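In the form predicted alone, a lone chain appears below as structure tokens.
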């Protein structure tokens, strides 16, 4: 993979550009994709942002959402945009398989592919790119990309709102260890432009449905187990649990973080039963590397303190297996 600045000559004249991110996108995925969409559009390019799937309801306010294609709703239009583009940008994922539906299409696409990502071990499939795991978010990296191209002056309030959303969410509202001085400097720059950070926080965190709030209460009372011996806690959600509360897309966002608020808990896991697989989300505090844990046991990966995995094993057997691993590794 060549340095991302080597791709700048490709962007000197107007191009058709396709941007995508990972399946089940979060605020950083959509924020980085839409911020890049706004920036490249300002530079004169014809840009199509495509989400591999539905986005959470609490992100529907974001500037540019109306110009984004959802592959699951518009597969024909999405694939047409991919086939007709000149350049492909991929943000916030490190392997084509993370897009789910677009895995083979991206692999087969002959156009130059550019990566902007902050996950460990990017696959060797991109022509140009930048991957820095120490960065807080893909949004911080898109911000760096804009600055690297000496275009800081082009950042407007729409772009700023997208960038801030991912920055805020991937840093846990600026409390995770990835919240570096550069993160605060970026936030300050966006604020100097007139960014209304309060509105963004309200849109993301204060727009819950009554059902989602009741679901959270059920989860914490009925579905969370705490293992003091292992400094760990798990939340397990079956399809029946989620159907009971008519869980919507995005309603499980952030659930895995709640056990870490308990004194002494260093490792938290959310296990959810999906249609064709069981998904696991891992979070940790301190020196327990959940990225290594996810790679070793659950065909996953991510960041040192935040990662995910999956398995084709059934829901109950996955829980039993996880508890057996927990008793062996004793997270500290």
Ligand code: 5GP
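The shown structure was predicted, so the numbers you read here are calculated from the model rather than taken from an experiment. Positions refer to the first chain, counted from 1.
Only in words, not in the display: the form predicted together with guanosine-5'-monophosphate, which the text now covers.
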Choose from 30-38, 261-269, 56-64, 279-287 the stretch whose residues reach within 4.5 Å of guanosine-5'-monophosphate in the predicted complex, heavy atoms counted. 279-287
Just checking whether residue 310 would be counted as a contact of guanosine-5'-monophosphate in the predicted complex - the rule being heavy atoms within 4.5 angstroms. yes
Just to confirm, residue 68 within 4.5 Å of guanosine-5'-monophosphate in the predicted complex by heavy atoms? no
Is there a heavy atom of residue 119 lying 4.5 Å or less from a heavy atom of guanosine-5'-monophosphate in the predicted complex? yes
Do residue 52 and guanosine-5'-monophosphate come within 4.5 Å of each other in the predicted complex, heavy atoms counted? no
At 4.5 Å, heavy atom to heavy atom, what parts of 137-175 sit next to guanosine-5'-monophosphate in the predicted complex? List them in sequence order, or say none. none
